[in-house]
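In the block that follows, a single chain appears as structure tokens, in the form predicted on its own.
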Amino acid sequence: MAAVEPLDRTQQLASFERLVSGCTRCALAKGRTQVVFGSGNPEAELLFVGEAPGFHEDQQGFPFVGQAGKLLDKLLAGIGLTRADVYVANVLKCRPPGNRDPQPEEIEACESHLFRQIELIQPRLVATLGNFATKLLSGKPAGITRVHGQEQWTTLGGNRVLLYPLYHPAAALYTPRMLEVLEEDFARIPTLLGGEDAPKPVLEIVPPPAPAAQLGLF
């Protein structure tokens, strides 16, 4: 896969966002306020992938703007980063009714949008937040409780990236122990972004598309 130049990357991502804003691939299009494409630095080395927009995200058009988003901001600040340094997206671009779990057919309809984003942004590190993103991008059924904090090389969007599963911030909002684990896992991100000096993961996977029926929250 040929590298995308920074200027082209920004322009192509903006063009793709305009295209996705009219997506009608699944029934979620009927109930959304707007498509929540993603936001942040188009040249980010670090890409976060969450689950789906919630109420506030659907209203404002940006991912992670509710309580989980505030916690994400705090976690980023703890490692010297801000939203302007990273890119944040979701598996689904439209809010499921009542914030229910994404359905297999919805994930299947939407996943190519995410893979194209990864292809254009070309991150070095992709941090998956929670089960849905982790299972989709790893292509494996193991839940986040088993694999959080365990980085692995994979190929996404035609590029070799380091996949780093993390608990979803929403799951840590009211669970102090889970928050402690999330903070510990976040603390490793600067090292994982350190290039050749970063730890070399044992696992290397080239995942096939995950059967959507395998995807769950925990």
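A quick note: this is a predicted structure, and the numbers were derived from the prediction, not measured. Heads up: residue numbers just count along the shown sequence, starting at 1.
One more form of this protein, predicted together with ligand URA, exists but is not displayed; see below.
A.B. asks: Any of the heavy atoms of residue 90 lying within 4.5 Å of ligand URA in the model of the complex?
C.D. replies: Looking in the model of the complex, residue contacts with ligand URA include residue 90, since a heavy atom lies within 4.5 Å.
A.B. asks: Evaluate residue 57 for contact with ligand URA in the model of the complex, applying a 4.5 angstroms cut-off between non-hydrogen atoms, and reply yes or no.
C.D. replies: Output for residue 57 is yes: heavy atoms within 4.5 Å of ligand URA.
A.B. asks: Since only the chain is shown here, I'm wondering whether residue 165 would be in contact with ligand URA in the model of the complex (any heavy atom pair within 4.5 Å).
C.D. replies: Residue 165 lies outside the contact set for ligand URA.
A.B. asks: For residue 52, is any heavy atom within 4.5 Å of ligand URA in the model of the complex, or not?
C.D. replies: The answer is yes: residue 52 has a heavy atom within 4.5 Å of ligand URA.
A.B. asks: 39-47, 145-153, 24-32, 58-66: which one contacts ligand URA in the model of the complex at 4.5 Å, heavy atom to heavy atom?
C.D. replies: Residues of 58-66 come within 4.5 Å of the partner.
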